[in-house]
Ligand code: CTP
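One chain comes next, on its own, written as structure tokens: the form predicted on its own.
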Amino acid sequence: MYNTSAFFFSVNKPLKGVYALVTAGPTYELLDPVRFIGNFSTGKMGIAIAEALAERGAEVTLVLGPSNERAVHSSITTIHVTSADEMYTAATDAFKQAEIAVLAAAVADYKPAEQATEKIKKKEGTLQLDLVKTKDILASLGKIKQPGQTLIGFALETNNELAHANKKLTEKNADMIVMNSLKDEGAGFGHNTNKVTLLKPGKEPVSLPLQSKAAAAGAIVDHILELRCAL
């Protein structure tokens, strides 16, 4: 007898048994105990992707920077981090067993060369800050990616968007880059909506309309499923 129940769950939970990694939110790079270098990311987009993956059956580890947003699905385990170094360590560890990795976090590119142990006091004149590069998580995971692993990166751009995103796709050995532009109204940090373009090696860009971040996350996961079917 045909098992209709098994068919239903295989169609609606195509990622059942798949382990996924998602990074989301900003990182804070401390200058002293009370100040930091950060950005305006809320983590909404990355959390929406984690939820979409979990809805399709995946077991998800969400590495989340400082954010007031929270994932609610029971199949999502959240690891809270603050700095780029902490996110790098958590993501690298989780990637060892991940079949899908979506790096949606807005990770700081630079951090202070030194972190003051006491509050920096205001003085006359200017304050000079020495900054050093943080570890590039996407590039690092791209170097150790194994057959069967699908690696997705994000690119938030303000100019020459497609050129910069395509360069990122090639140089960092990603399977797809999700690009959005701060020039698009309703897209980017803080909004409940997003407008993204999906870039894959050897394929024409796919531009999605402005929609809720939940809907955009669902579309992104659908494209991840297509990538995995092509493996």
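The first residue of the sequence shown is number 1, and the count goes up from there. Keep in mind the model is a prediction, meaning the values are calculated, not measured.
Not on display, but discussed next: the form predicted in complex with cytidine-5'-triphosphate.
- In the model of the complex, E86 stays away from cytidine-5'-triphosphate, with no heavy atom inside 4.5 Å.
- By the criterion of a heavy atom within 4.5 Å, E99 is excluded from the residues contacting cytidine-5'-triphosphate in the model of the complex.
- Mapping the unseen interface onto this chain, K172 counts among the residues with a heavy atom inside 4.5 Å of cytidine-5'-triphosphate in the model of the complex.
- Though the partner is left out of this view, R56 does not reach within 4.5 Å of cytidine-5'-triphosphate in the model of the complex, counting heavy atoms only.
- Contact annotation for the candidate site: L15, A20 and H223 all lie away from cytidine-5'-triphosphate in the model of the complex (no heavy atom within 4.5 Å).
- Contact annotation: of the candidates L138, A94, V81, I76, the single residue with a non-hydrogen atom within 4.5 angstroms of cytidine-5'-triphosphate in the model of the complex is L138.
- Picking from 106 to 114, 142 to 150, 68 to 76, 120 to 128 the stretch near cytidine-5'-triphosphate in the model of the complex, with a 4.5 Å limit on heavy atoms, gives 106 to 114.
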